[in-house]
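Form predicted alone, single chain, as structure tokens, below.
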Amino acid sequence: MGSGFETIRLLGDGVELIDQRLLPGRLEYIHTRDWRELVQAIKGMAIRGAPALGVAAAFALVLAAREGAAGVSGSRAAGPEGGAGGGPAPAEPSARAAVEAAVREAAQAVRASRPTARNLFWAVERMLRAAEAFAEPSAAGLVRRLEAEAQAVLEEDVAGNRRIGEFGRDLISDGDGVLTHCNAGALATGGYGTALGVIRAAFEQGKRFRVFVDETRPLLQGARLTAWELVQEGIPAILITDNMAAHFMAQGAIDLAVVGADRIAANGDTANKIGTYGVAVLAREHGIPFYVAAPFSTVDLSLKSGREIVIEERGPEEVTTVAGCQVAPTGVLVHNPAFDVTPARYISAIITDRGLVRPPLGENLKRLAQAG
């Protein structure tokens, strides 16, 4: 069992990804050969979710490398005066330099696209290290090396998500009500999912339970994406508005909450979709465990606490309109932070691909990092 679709994939002639802005109404794919278009897809939320953004970042650098190599090949064919074969071919080190320059340019643009998602930066750093470590002078060889590294980012993410599911599935029991916020499923990752990976794995064990899906304003990733994934899988799902969570907790309908993460600081403070902090506070008030599920690549040990996490501010139109319909008066001032930070003290455990991390989160995250 698992998602019956591929969120994003690297092809010989480009990158293909689901346009998540169109779900649940239409399942359509974007196909691009241009890394700039892929960066725009990241900025525009055609693809989102920290692990998926890491994969997209790696793929963007591959497209840049291919472009750099193609540009050198084109200049060779045209010659210095533009005529076919009009001059000597550039030396191979120059061809490699062109590929490296294109990758660095793309890396800078990718880093600037979404500031909160740790996996995006992690993937860029990993790809740049792979390029630097490639000792051969061949430009074509460097492109192939980056293609292999990017594909490894994708495959490792899917495998890691399945481990997250295995580590977290025993936290869910038969008959439970499980609350999740935003979308941390296959659409937000390379495949299978983090928070939804835990839910999927428990369902695959034969457990039967209900998933309460927060709609997740302002872009409704819960209503549009998480609910869609669960319906596709046949997992019982109940869609609620964000401000209903406290009601259902008070009624005893919710037994635990599990969410994803976009960045985790060294002390265990966690940034996730706006509204997550409120869910954690409500869970504490009602004595409900609150779990965070994320690959270890989401952990940023360079940040002491969540106060150092950069929170992305998005455009006001995401709040003032819903599905293209204006729901607020023209001229009203809007704040639209895309994420908030849940302090570590509200988190019962972090479910990672390396194992379950329980409090004290800071100490145990550091220990797991050293062991890994």
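Residue positions are given as counts along the sequence shown, with the first one as 1. Quick caveat, the model's predicted, so the values are computed rather than measured.
Another form exists, predicted together with a small molecule; not displayed. Remarks below refer to it.
Engineer: Heavy atom to heavy atom, is residue 339 within 4.5 Å of the small molecule in the predicted complex?
Structural biologist: So residue 339 counts as contacting the small molecule.
Engineer: I'd like to know if residue 262 sits close to the small molecule in the predicted complex, meaning any non-hydrogen atom pair within 4.5 angstroms.
Structural biologist: Contact check for residue 262: yes, within 4.5 Å of the small molecule in the predicted complex.
Engineer: With a cut-off of 4.5 Å between heavy atoms, is residue 199 one of the residues that contacts the small molecule in the predicted complex?
Structural biologist: Close contact is absent here: in the predicted complex, residue 199 is far from the small molecule, nothing within 4.5 Å, heavy atoms only.
Engineer: Consider residue 45 of the chain shown here, and say whether it contacts the small molecule in the predicted complex, taking contact as heavy atoms within 4.5 Å.
Structural biologist: So residue 45 counts as contacting the small molecule.
Engineer: So which stretch, 238 to 246, 99 to 107, 135 to 143, 270 to 278, is the one near the small molecule in the predicted complex (non-hydrogen atoms, 4.5 Å)?
Structural biologist: Every other range fails; the passing one is 270 to 278.
Engineer: Look at the candidate spot formed by 49, 183 and 194 and say whether the small molecule comes within 4.5 Å of a heavy atom in all three of them in the predicted complex.
Structural biologist: Verified in the predicted complex; spot residues all in contact, yes.
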